[in-house]
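The chain below stands alone, shown as structure tokens; this is the form predicted on its own.
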Amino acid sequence: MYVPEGVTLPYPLQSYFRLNAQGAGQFEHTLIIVEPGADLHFIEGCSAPKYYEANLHAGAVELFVKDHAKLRYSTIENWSKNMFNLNTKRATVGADSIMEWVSGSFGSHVSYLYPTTYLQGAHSSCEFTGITFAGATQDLDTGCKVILNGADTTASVDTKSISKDGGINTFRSSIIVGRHADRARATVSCASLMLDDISRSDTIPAMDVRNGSASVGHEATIGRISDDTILYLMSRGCSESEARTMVVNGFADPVSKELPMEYAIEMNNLIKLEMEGAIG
């Protein structure tokens, strides 16, 4: 995908990857160049039917955001739970430019996904917003990495993870502030929701700050659904399962509101199906 200088697309461009063969591997490679002053929202959808042999998705994404440009890269993954999902995603960002990642990870047996952003130009910024849902038999190891090399660069990471029926969620973040990144600022926030006492959620932050004028912060929270909240919603006419799904959808709202309406609706439907155990 090539966006010429000064071009702004008024609607998102969309791609869809589907792995439709048993025991197969998929090796997609996405290259996007956004020239100076251009603006693009690119949406990537992924899915696969359930098979009884392991499948592999090993994707590569290269993003080049030139000076004074903006790129939003949104991904909604709904792999089957026999899938090994191994992705490499990299973005290089020029001066006064914006890189935004929106990520929703559902399905797959094992996932490793760490989008990496290099803020090379001064006054460039990166925002990463993501959610993962790990159910039975799933081990989702996700997160992001931001390297701040330009002066006055900023990075914001906000992630949500949900664990259910023994699922494992691991969030890893890496913030690296270079020696010449004067007044760089970065914040990382990770919130985890545990739906039972047999699931697992880990947060593994890493921060390497090499400039004394930089400001970097991290916070992580983990919790469960309050019994009082469920009781209140049931008193208003919801069943227990409906109440729990409603709370989880509210927890995921910061991600869904960043998506176009049809994708937000689809993500909420995926959460509902995961809560009902209907996705195999």
Partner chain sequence: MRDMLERGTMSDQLLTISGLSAGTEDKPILHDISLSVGAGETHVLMGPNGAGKSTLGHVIMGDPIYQVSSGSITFDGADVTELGPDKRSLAGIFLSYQAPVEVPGVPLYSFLRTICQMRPELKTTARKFRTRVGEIAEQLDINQNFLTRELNVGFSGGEKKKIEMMQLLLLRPKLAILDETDSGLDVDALSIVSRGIEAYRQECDGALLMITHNTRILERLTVDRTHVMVRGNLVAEGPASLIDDIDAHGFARFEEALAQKAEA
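These numbers were taken from a predicted model, which means no experiment stands behind them. Numbering follows the first chain given and starts at 1.
Just so it is clear, the following notes concern the form predicted in complex with its partner chain, a form of the same protein that is not shown.
Of the residues given (217, 250, 49, 36), 250 alone sits with a heavy atom within 4.5 Å of its partner chain in the predicted complex. Taking a 4.5 Å heavy atom cutoff to its partner chain in the predicted complex, the contact residue among 56, 246, 222, 60 is 246. Its partner chain in the predicted complex is not approached by residue 29, whose heavy atoms all lie more than 4.5 angstroms from it. Put simply, residue 237 is close to its partner chain in the predicted complex: some heavy atom of it is within 4.5 Å. In the predicted complex, its partner chain sits within 4.5 Å of a heavy atom of residue 229. With a 4.5 Å cutoff on heavy atoms, residue 233 counts as touching its partner chain in the predicted complex. Heavy atoms within 4.5 Å of its partner chain in the predicted complex are found in exactly one of 39-47, 207-215, 251-259, 61-69, that being 251-259.
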